Structure formats: structure tokens, C-alpha cells
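Next up is one chain by itself, shown in C-alpha cells, the form predicted alone.
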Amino acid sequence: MLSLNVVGAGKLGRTLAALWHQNSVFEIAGLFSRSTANAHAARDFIGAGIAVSDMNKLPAAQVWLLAVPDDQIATMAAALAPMIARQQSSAGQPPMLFHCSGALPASVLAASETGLLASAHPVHSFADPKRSLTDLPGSTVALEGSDEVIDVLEPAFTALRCNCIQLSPAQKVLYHTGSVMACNYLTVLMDLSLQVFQAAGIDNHSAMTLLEPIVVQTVKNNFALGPTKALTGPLVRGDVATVARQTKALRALAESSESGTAATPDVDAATLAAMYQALGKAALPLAEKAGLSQDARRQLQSIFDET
């Protein structure tokens, strides 16, 4: 069993380490976090590994995971270079390094001065590590980098019942952008929706209760039917008057917010109005595919184009 060091023992790092430990995929060697408390919390969550807050105290390991924010990966790889060199001189071969950024290629680790580099991006939200322990199986992991490292990582993720695909460095940015739009911005859209409900005088708990069934069903419809058949609502029906009233109401809300007379000052009304128009414009080609008439599309386009 290969040994693994985790540099950055946050939500992603501790989740993967815990699953690999539970499934006897890697022997967890060291866990680094700048916070001593966080390092020990990760150790307790995983159930294995030496928790350290001084990177120089990490033990030698055959595989290293850099589970740090994207903007810190290159800097951290450079900081590891002396340790990598010492380990290579004593072991006779360089350790393998990989990160989990969806947007950055494996080559961002080049400053570590080992040629065994890869990236492995799980298409999964690690918002709650406890949930991820059971929810990660079935997720896809995008692999890119050295064949030698991918030959280790692919079976490691397959052991967690994940699906693996391989990407080229050139594919990564747009691949990750697509993931962000579908996952992260869906969460932003939920927040915007809740703000509209709040402006209507409906509390968050009630709004979440009424939204959950239809939002979950919409997600299921998108994967079962595809976006064209899953799209419903006033745009597809060509309910021009309804869209006009909704647009007018959001603009009025934005104007009252600007004048300081809004009943809900914590609602970002200007953003709500702008996003409704932008999303409406983006939806028109899809709505036309789903049956919207060209005449209704022109009328709706005119409404969304108004400033």
C-alpha cells in the first residue's frame, strides 16, 4: 500500500484521506495544516496520519496531495521542493504529486522539481465532509498529467466507486467553467430566488419548503429529458404579459431600493432585476427550441432589452 501525505487538511483533503483510509487504498502518513487545531481535527476525522502545522515535520510519503486553494498551489509546490529533493535522494525515486484543482493543469506543480505530477478533480461539492463520505461514490473525477501518476490515481478513485475521465491540459479551464456554472451558480440562483421571495414577504423557511420539491424535480427532469424538454414556465408558453409584469415588478423593487424606500433593504434588488433580464435573454433560444413562436420571442426580447 502506497503512503500518502495531505498538504491542506480542509474539507476535500480530509474527505479523500478518510475514504482512502477506510478502503485501504493509501496508508495516511502526514496531515499538514497551518492551524494546529485544524490538523488535529482532520486527524480525528480520518482516523490516521500524523498531524503537523510545520510542513518540514511531514514524514516521507510516496504520494502527496496538495489540497490547498488554487492560488496557493504553485507557491506550496515550490515550498515542498527541498523536502521532495531530500526524499528522492534517500528513496532513490521521486514521490508523486497531485492537486485537485479543476481549472489548473498538473504543470502548476512543476516548481516541486519532480516529474511525476497530476491533477485529479472530483466533480463533487465538499461542503460537508460527513455527507461527502457517503455522497462521493458515483461522482466523476477528471484526471490529467503524468501517466505514472494517473495509473495510481485512477484505481484509487475507482476504489471509492467514482468514475474517471482523462483530460488534456487545454481542456481543463472550460471543463471547470462548465462545472462551476451548473453547480456553484445553481446555488447563487437559489439565493437570488430566496431574495425575491423575501421581497414578497415570504420567509426563508417557507420559501425553501415550497421550492424544494419543484427544484429537485426540475433537476431530475433536466437529466432525464434534457434541458429543452425540461424547460417550463412563461417563456415556453409565450406568456409575454406575465414576463412583462415580473420584469416591471423587479425594476420597481430596484428603484425603491435606490431611493431608500424599499421594505427589504437587505435584498439586492438591482442585481435581481439585472439577472432576471440576463437569464431571460439566455433562455430564449432554448425556449424557441421547446416551441416558443418567433413572434413571442421578439416580444420577449424587447422586454429583456429595455433598461
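Bear in mind that the values here come from a model prediction, so they are computed numbers and not experimental data. The first residue of the sequence shown is number 1, and the count goes up from there.
Just so it is clear, the following notes concern the form predicted in complex with a small molecule, a form of the same protein that is not shown.
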item: Among the candidates N56, S35, T242, S259, the residue which, in the model of the complex, approaches the small molecule to within 4.5 Å (heavy atoms); value: S35
item: D70 within 4.5 Å of the small molecule in the model of the complex, heavy atoms; value: yes
item: Touches the small molecule in the model of the complex: S125 (any heavy atom, 4.5 Å); value: yes
item: 4.5 Å heavy atom contact, A17 to the small molecule in the model of the complex; value: no
item: S101 within 4.5 Å of the small molecule in the model of the complex, heavy atoms; value: yes
item: Check all three, H21, P95 and A156, heavy atom within 4.5 Å of the small molecule in the model of the complex; value: no
item: Stretch in contact in the model of the complex with the small molecule, which is absent here, among 276-284, 26-34, 247-255, 45-53 (heavy atoms within 4.5 Å); value: 26-34
